[in-house]
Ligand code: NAD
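Here you get one chain, nothing else, as structure tokens; it is the form predicted on its own.
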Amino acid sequence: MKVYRMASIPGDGVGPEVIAEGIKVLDAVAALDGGFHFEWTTFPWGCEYYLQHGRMMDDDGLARLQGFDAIYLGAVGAPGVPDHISLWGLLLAIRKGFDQYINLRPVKLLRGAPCPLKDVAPGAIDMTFVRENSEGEYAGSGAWLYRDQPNEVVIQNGVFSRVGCERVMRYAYALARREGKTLTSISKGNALNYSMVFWDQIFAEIGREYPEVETHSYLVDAASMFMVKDPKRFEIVVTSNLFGDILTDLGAAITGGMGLAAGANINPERKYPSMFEPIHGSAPDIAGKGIANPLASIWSASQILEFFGHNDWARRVLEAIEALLTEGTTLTPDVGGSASTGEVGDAIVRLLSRS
């Protein structure tokens, strides 16, 4: 039997609640399949750990995570810990330390999911965002000069390397070719006359290696408008770290909300473990109440199954989410129901058992 060694970092707020349901679903799938098994190790890192120890994770955290097949992350952030500390001390530390340079985020309107757009049916929104995840606007490069002086200056650099741009674009082109879909690049070359002109140039260069892939390019402001007015024009999308972060949150808003938004941080060479997460925040206002929506966590569990090559089970988990949304009887309050977090996880397991 194949054993997948999994690191669980439930994190802060509702993170432990939603990760528990994702683990419940993954373990149920493994039991139903009978050919593989998940072996879990939980790490207590996060903001509470920071308040006790002065760091978001242990100093040897990356070394301890290195031997796992994948990482399952809940949520990061809590009152009393500045966001830049919680983000850079855990999530970005893992992404950068393990060279998880592909951030893969599905933006798909499932059957039964609420959509604020008029007359948009399931199937009309089906995008996959390939977000550069290691450099760009989130490279952490810059300076803070003359701190607390009248002439105080801050400089935030965007870092775009040829290697960084080429590898994310090749990944996106290969995905578009494999799935027979169009590829759209989103940038801001008219205003960012170095970084985004460079991005656009490399996108065109790599495109010559994939002549069969139909391509489009949009400025980020136009893309934001078209995601709302005509979302069906987007299939595979490749974009920078910052633009991908913002646009996928817009994508979540038009496909049912953050409670249905999942993301994968991939090291394609598998030299390091990849990391999977619901992309919503820690929601401290509802933590401990048992009403957090676990469907984003369960969708990220589907991504884990796909990552390990269990594509049929990955599809069946998404179909179970769609069935749950369509039935409408076991939903959390954020999507109009009254069910608890655990009841939603139990319902998904029941649906999988019947499928």
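Note that residue numbering follows the sequence shown and begins at 1. Treat the numbers as computed from the prediction; the structure is a model and nothing was measured.
Beyond the structure shown, there is the form predicted together with nicotinamide-adenine-dinucleotide (NAD), which is absent from this document and is the topic of what follows.
Of the residues D285, D230, D148, E212, just one reaches nicotinamide-adenine-dinucleotide (NAD) in the model of the complex with a heavy atom at 4.5 Å or closer; this is D285. In summary, among the residues P106, G158, G89, G77, the only one with a non-hydrogen atom within 4.5 Å of nicotinamide-adenine-dinucleotide (NAD) in the model of the complex is G77. With respect to nicotinamide-adenine-dinucleotide (NAD) in the model of the complex, the three residues L305, R316 and L318 uniformly fall beyond 4.5 angstroms at the level of their nearest heavy atom.
I279 belongs to the set of residues with a heavy atom inside 4.5 Å of nicotinamide-adenine-dinucleotide (NAD) in the model of the complex. The shortest heavy atom separation between N293 and nicotinamide-adenine-dinucleotide (NAD) in the model of the complex is within 4.5 Å. In the model of the complex, nicotinamide-adenine-dinucleotide (NAD) sits within 4.5 Å of a heavy atom of G259. Although the partner is absent here, E152 lies well away from nicotinamide-adenine-dinucleotide (NAD) in the model of the complex, with no heavy atom inside 4.5 Å. The stretch among 68 to 76, 108 to 116, 161 to 169, 121 to 129 whose residues place heavy atoms within 4.5 Å of nicotinamide-adenine-dinucleotide (NAD) in the model of the complex is 68 to 76.
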